[in-house]
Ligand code: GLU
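The chain below stands alone, shown as structure tokens; this is the form predicted on its own.
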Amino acid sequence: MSYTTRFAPSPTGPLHLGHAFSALLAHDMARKNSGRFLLRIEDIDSTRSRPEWERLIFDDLEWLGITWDDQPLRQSERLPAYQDSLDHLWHERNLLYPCDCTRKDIEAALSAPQEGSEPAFGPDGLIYPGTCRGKTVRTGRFPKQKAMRLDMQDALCGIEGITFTETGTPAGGRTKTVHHCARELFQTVGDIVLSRKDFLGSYHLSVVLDDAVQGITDVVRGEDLFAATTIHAVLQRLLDLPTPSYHHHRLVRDEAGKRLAKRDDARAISRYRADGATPADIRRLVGL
């Protein structure tokens, strides 16, 4: 399989300098290795995605000199694939359960006095306390309009460890095999959501399925997603998917050291374009 990277923005706002750094780095790595660079539009959340933001993504990337080697993949066109995998985990593996808890419910459950312990945080924030685990029988038709969680303890039963290869910043810039004990993952990750009440699927589920179908060999993304990679390696193991190599790069931050977000319109690529900046200027600003 040829070396393949990707850039996967969500059309929920303008691309900023952090996006430019990630896209340029993934594009540069693909070209340096005589590989392929692919684009994916992560529009699974139809309540926030907008066509005008998608058009601006294309404009910004083309202006930066980034080209992609196939038609962009859109998550909104991949819903049947997400449902198939959810059905497999529900019917064949018996690893999912419906959850009615709101964020406030979870916060309330975790704020109850527990001697000598503080609420634990994982890649998705507060680690779910398992309130709905065991409340319903995991048979019958796939529940609709329900949040669906992965029973992490059952999912890891019989698995000694989860491993992936890291080539980016958290590993000190060198290739390194990252290994996590399966028994520890239940405590540090918890029962993650794999499908949401308001839209089918979740980031964790869609990203592993989409990386597999696009043949991504090397995932290039921010170091803020390093902790989530263990979740993705678990899902790849459960769904018999290949595990790519991962390069988690440094984050582009503002003057106060805060990570850039889509609300930082002052650092939007379109703003720099309108002010007369060049693609070379953007490269210098992000340290390329």
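Predicted model only: the values in this text are computed from it and were never measured. For every residue, the number given is its place in the sequence shown, counted from 1.
Beyond what is shown, the protein has a form predicted together with the ligand; the following relates to that form.
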Of the candidate stretches 203-211, 88-96, 102-110, 151-159, the one with residues having heavy atoms within 4.5 Å of the ligand in the predicted bound form is 203-211
Hey, in the predicted bound form, is E54 touching the ligand, heavy atoms inside 4.5 Å?
no
Considering only heavy atoms, tell me if E42 and the ligand come within 4.5 Å of each other in the predicted bound form.
yes
Answer with yes or no whether I66 is in contact with the ligand in the predicted bound form, where contact means some heavy atom within 4.5 Å.
no
Can L225 be called a contact residue for the ligand in the predicted bound form at 4.5 Å between heavy atoms?
yes
Are all three residues R6, P9 and R221 in contact with the ligand in the predicted bound form, where contact means a non-hydrogen atom within 4.5 Å?
yes
Contact set, 69-94 vs the ligand in the predicted bound form - heavy atom within 4.5 angstroms
none
